[in-house]
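Just one chain is shown here, as structure tokens, and it is the form predicted on its own.
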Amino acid sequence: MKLRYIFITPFLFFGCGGLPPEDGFIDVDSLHTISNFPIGAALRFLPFRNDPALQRLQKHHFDSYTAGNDMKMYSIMPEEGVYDFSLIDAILAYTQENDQRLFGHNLIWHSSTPNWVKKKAQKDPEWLSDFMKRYIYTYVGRYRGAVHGWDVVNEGLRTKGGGYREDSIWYEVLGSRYIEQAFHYAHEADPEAVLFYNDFNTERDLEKFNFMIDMVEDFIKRGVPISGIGFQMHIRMDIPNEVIASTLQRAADTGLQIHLSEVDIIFNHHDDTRGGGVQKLKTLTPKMEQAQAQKYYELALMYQNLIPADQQYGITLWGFNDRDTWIRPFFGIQDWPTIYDERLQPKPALYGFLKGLR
């Protein structure tokens, strides 16, 4: 099929003056108000609820909320037989009070599986399958009709290339069938929830992308209740737009909903492992800021042009300020991947993103 991608001519994005950062609010157009689809941000609730400036910005710009870590298994069930839903209940109350969509990230992920689950599964493989069913029934069932959609399985494929992630207790014990089982359980617990498979690098690693698409299309053919594909979109400035456009369009051709679920745009490189950052650029220059603004603009425009309106689940930023970005502590590099700076002042990236959404 012929690509519907539109090539975009560069232009400059100039920041504007705003209120002092201590006021916590910048006089700039709201992202979600001008967008035709939901605009979300991922946040850690405990520091967020004690930060009035961050709250005002979040309420102004976003109508979808993704929990950074608060809804993952190690937070929900830190020990056997003990569910802790207190933070989720508080998040749900916040989103309902502010008329925001709550998105569930995530149900099954190798990295958020508590050690006690791994140890028990290694001793009793049959237990793990039953546990997954009970966990999803309990969790999704509790928030039936309140959590709009879920990343049912997160990062179930290899970091690079095609194939399933083998260094996962879920795959080691249950094999690849755990992925489709998780979708069935989530759908049974909440038939109205939008259910996603979510992964990273699928916008540029074509072997990984093709394996994912084959898996998704097999699910569709066999009636596995998958609703959407989540592209994390932790992208670098040097990832060609043509590559991103081709994978987005191919994913849209499945007819499923498409979520850009964890967007940020970095300048430096890393190898996808903790501490694996490569610090090539040490200072953020005005020229770099303008280039990043252009990339945010192009990404927003590609999403609108390539994804049919009824498949646009939305764009979610994985954090929206450089002060709180996960990139720095995880990869051990200094970078500037978001739309607000460390002082919660808008960067040219914000204006690029705004212009793309228009």
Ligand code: 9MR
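From 1 onward, residues are counted along the sequence shown. All of these numbers come straight from a predicted model, not from anything done at the bench.
Form predicted in complex with this ligand: not shown, discussed below.
Student: For the chain shown here without its partner, which stretch in 284-292, 121-129, 102-110, 82-90 has non-hydrogen atoms within 4.5 angstroms of this ligand in the predicted bound form?
Tutor: Careful reading of the contacts points to 102-110.
Student: Scan Tyr171, Tyr94, Tyr74, Tyr135 and let me know which has any heavy atom within 4.5 Å of this ligand in the predicted bound form.
Tutor: Only one option qualifies, and that one is Tyr74.
Student: Could you spot which one of Gln257, Thr247, Asn201, Asn154 gets a heavy atom to within 4.5 Å of this ligand in the predicted bound form?
Tutor: The option sitting close enough to the partner is Asn154.
Student: Does this ligand come within 4.5 Å of any heavy atom of Trp318 in the predicted bound form?
Tutor: Contact check for Trp318: yes, within 4.5 Å of this ligand in the predicted bound form.
Student: With a cut-off of 4.5 Å between heavy atoms, is Asn69 one of the residues that contacts this ligand in the predicted bound form?
Tutor: Judged by the heavy-atom cut-off of 4.5 Å, Asn69 is in contact with this ligand in the predicted bound form.
Student: With a cut-off of 4.5 Å between heavy atoms, is Trp326 one of the residues that contacts this ligand in the predicted bound form?
Tutor: Yes - in the predicted bound form, heavy atoms of Trp326 and this ligand come within 4.5 Å of each other.
Student: Mark Asp190 yes when one of its heavy atoms lies within 4.5 Å of a heavy atom of this ligand in the predicted bound form, and no otherwise.
Tutor: Residue-level check for Asp190: no, no contact with this ligand.
Student: Judged by heavy atom distances of 4.5 Å or less, which residues of 230-244 approach this ligand in the predicted bound form?
Tutor: Those in contact are Gln232, His234.
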